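Next up: a single chain in structure tokens, the form predicted alone.
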């Protein structure tokens, strides 16, 4: 039996196929307004293996010059991010147990060779709010650990429609994506995986 760290919840199959299709259509509209781009790591300038964009009043970005941060505009187009789709706002209300809306939704697109190393989501000011993550498309091997980098980790497969919530004691757990399982879903015609992470960035007044 898989035992997850306290505060980490895995909700398999939370979105049915119809809901997944509707959400993909909404994300396509987001990408039309805010195109996917390839971010770079701080200091080294190494390109990440995922492409990303955002929606919401703020978006998470990273580059060699200024590092990890949130900002109100797309780093390539300079335009404001488009709004978060209503489906995702409803999902946040249902799952977050937090009284204020999310301000950012990071959209990561994984090709079949993309990965994401173990990391914490800690660039937000109000850590009382959880991170709510939605998987769409090809499955991945997701790994989650403890709040210290050298803590033990567990790995499990995330399928299209699954949701993961990192909150409470698990809000700062290290987590990452070890691999993508190509052709494991037909949701995206050209394959790949979309991961959506909803976040509250600022502390409410």
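The shown structure was predicted, so the numbers you read here are calculated from the model rather than taken from an experiment. Numbering follows the first chain given and starts at 1.
The discussion below concerns the form predicted in complex with ligand SIN, not included here.
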In this chain shown alone, the residue from 127, 76, 72, 116 with a heavy atom within 4.5 Å of ligand SIN in the model of the complex is 116
Only hit among 27, 61, 158, 165 for heavy atom within 4.5 Å of ligand SIN in the model of the complex is 158
Flag residue 108 as yes or no: does it have a non-hydrogen atom within 4.5 angstroms of any non-hydrogen atom of ligand SIN in the model of the complex?
yes
With heavy atoms only and a cut-off of 4.5 Å, decide whether residue 139 touches ligand SIN in the model of the complex.
no
4.5 angstroms heavy atom contact with ligand SIN in the model of the complex for residue 34:
no
Taking ligand SIN as it sits in the model of the complex, is residue 177 in contact with it (heavy atom to heavy atom, 4.5 Å or less)?
yes
Determine which one of 63 to 71, 38 to 46, 169 to 177, 148 to 156 lies within 4.5 Å of ligand SIN in the model of the complex, judging by heavy atom distances; exactly one does.
169 to 177
Even though the chain is shown alone, can you say which residues of 177 to 205 have a heavy atom within 4.5 Å of ligand SIN in the model of the complex?
177, 193, 195, 197, 199
